[in-house]
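Next up: just one chain, as structure tokens, the form predicted alone.
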């Protein structure tokens, strides 16, 4: 391995460490606790080293969001692959999405609530975000109905899931009715 390759590998390892540490700190204490000073202390590098990887917290949030989008896409695809039939796939998709949001609140915030400097629904949208939307579209496209724009249907269903995730987490909707809401959403919005 050349010196150049070793340095590139070390830089990539450091970047992964920064993102993992930011994510861990955000999950434990919230995003307000994620500062370059705290990250530098935790990973035992100087703040200038952090700034050599990310220009600031916004870019770190974006990196966590991209990682989260990849994980969310994998979870949704795994859930839908294990389901039999369109209705079961849509219900599995909804449960996987809501479960991901509940288990990873800081990542979910990085994806959908905070400014990570990422473009959504545009030509320059990063591939992990496009792939997460594609995971939704793959399942929901088959139940959109004749003459219905599949992407718009998917956006609408996604918005409903996001509302459920956000309102439940904020305590505005009782958690004990979560499964009933999924069934209602699937039965009324994704008629299959």
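No experiment lies behind these values; they were computed from the predicted model shown. Numbering follows the first chain given and starts at 1.
Note that the form predicted in complex with a further copy of the same chain isn't included here; everything after this is about it.
S.K.: Spell out, yes or no, whether the shortest heavy atom distance between residue 20 and a further copy of the same chain in the predicted complex is within 4.5 Å.
M.R.: No, no contact at 4.5 Å.
S.K.: Please tell me whether any heavy atom belonging to residue 114 falls inside 4.5 Å of a heavy atom of a further copy of the same chain, as the geometry stands in the predicted complex.
M.R.: The answer is yes: residue 114 has a heavy atom within 4.5 Å of a further copy of the same chain.
S.K.: Indicate whether residue 172 is a 4.5 Å heavy atom neighbour of a further copy of the same chain in the predicted complex.
M.R.: Although a further copy of the same chain is absent here, residue 172 would touch it in the predicted complex, with heavy atoms inside 4.5 Å.
S.K.: May I ask you to check whether residue 163 falls inside a 4.5 Å heavy atom distance of a further copy of the same chain in the predicted complex?
M.R.: Residue 163 belongs to the contact set for a further copy of the same chain.
S.K.: Please state whether all three residues 144, 156 and 189 have a non-hydrogen atom within 4.5 angstroms of a further copy of the same chain in the predicted complex.
M.R.: Per the other structure, all of 144, 156 and 189 touch a further copy of the same chain.
S.K.: Heavy atoms, 4.5 Å, a further copy of the same chain in the predicted complex: which of 23-31, 66-74, 40-48, 120-128 makes the cut? Say which one.
M.R.: Stretch with heavy atoms near the partner: 120-128.
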